[in-house]
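Okay, so here's just one chain, in structure tokens, the form predicted alone.
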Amino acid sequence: MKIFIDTADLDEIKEAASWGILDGVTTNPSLIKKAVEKMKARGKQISMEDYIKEICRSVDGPVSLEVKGRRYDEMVREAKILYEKFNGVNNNVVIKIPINTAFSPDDEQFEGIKAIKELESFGIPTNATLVMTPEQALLAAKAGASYVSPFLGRVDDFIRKNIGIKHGKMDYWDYEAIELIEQEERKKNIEKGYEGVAAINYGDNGIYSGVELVYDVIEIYEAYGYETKIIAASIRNARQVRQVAMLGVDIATIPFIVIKEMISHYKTMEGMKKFSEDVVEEYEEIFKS
């Protein structure tokens, strides 16, 4: 599994790259704005274009840059501008296109899909973002997207909100527990027939977690041989990283704080303290020559 870092903070990108584990970067306009403001607050003046170029130089792997438009023609135009301005820096720019740019059911639903198809025909790699369902991921692959980004954390948030479970942003969602609760509730309603049982539903159209969303996308892509790479996105904690890695996902894009969580365990620190205490003088002498 490749690891991308989900940030536009150059300090975080460069530090993660120095650890030798970084394969790429995913950004969005909000992350870039926040990162540039951080630099300016430190008294470092830098243009937005120069800042993005520095991100591209900092990693020898894909860097996802996102368009801001909603209409097909706007996104294609903006994608071409981003690609022409920044891909020459390190030949690693990927354009993020929302899978669906609609604000309401009355809006046009397929602007993102059309833009993905057009850009890929030009040889501009795309990352279909804001994917919340396997069906959306299927359409992204059909349109030829180079990458697809199912949003694990946001799916978990949506499900928990719907069933009234309070949680912090980084909390792990124990979806297996809620599936067991749903099964027990359905058993209690069995005498009410189909309608009574079907009314007990704690998932989102058959999806009970972001991890399950990734699993379904992998299954669909493998069934039909789609070459679109799957990026597990909106990851909130190290356990999610472990679970998508076990599924065999192509890529996980991970916040800096979660990458740091992945390396830490209290028993590792305890072991280090013990090993250090047990070093005898004769062993120390070996390292003095």
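Remember, predicted model here, so these are calculated numbers, not experimental data. When you see a residue number, it is the position in the sequence shown, counting from 1.
The same protein also has a form predicted in complex with ligand G3P, omitted here; what follows describes it.
**Student:** Is the gap between K169 and ligand G3P in the predicted bound form 4.5 Å or less for some heavy atom pair?
**Tutor:** Yes, K169 is a contact residue.
**Student:** Within 4.5 Å, heavy atoms only: does K80 come near ligand G3P in the predicted bound form?
**Tutor:** Contact with ligand G3P, no.
**Student:** Going by a heavy atom distance of 4.5 Å, is A233 a contact of ligand G3P in the predicted bound form?
**Tutor:** It does: once ligand G3P is placed as it appears in the predicted bound form, A233 has a heavy atom within 4.5 Å of it.
**Student:** At the 4.5 Å heavy atom threshold, is R154 in contact with ligand G3P in the predicted bound form?
**Tutor:** Taking the distances in the predicted bound form, the answer for R154 is yes, it comes within 4.5 Å of ligand G3P.
**Student:** Which one of Q243, T253, N237, T228 is close to ligand G3P in the predicted bound form, taking close to mean a heavy atom within 4.5 Å?
**Tutor:** Result of the distance check: T253.
**Student:** Note which of L247, M39, L31, M262 lies within 4.5 Å of ligand G3P in the predicted bound form, where distance is taken over heavy atoms; exactly one does.
**Tutor:** Of the listed residues, the single hit is L31.
**Student:** Given a 4.5 Å cut-off on heavy atoms, tell me which of 108-116, 204-212, 146-154, 67-75 is the interface stretch with ligand G3P in the predicted bound form.
**Tutor:** That would be stretch 146-154.
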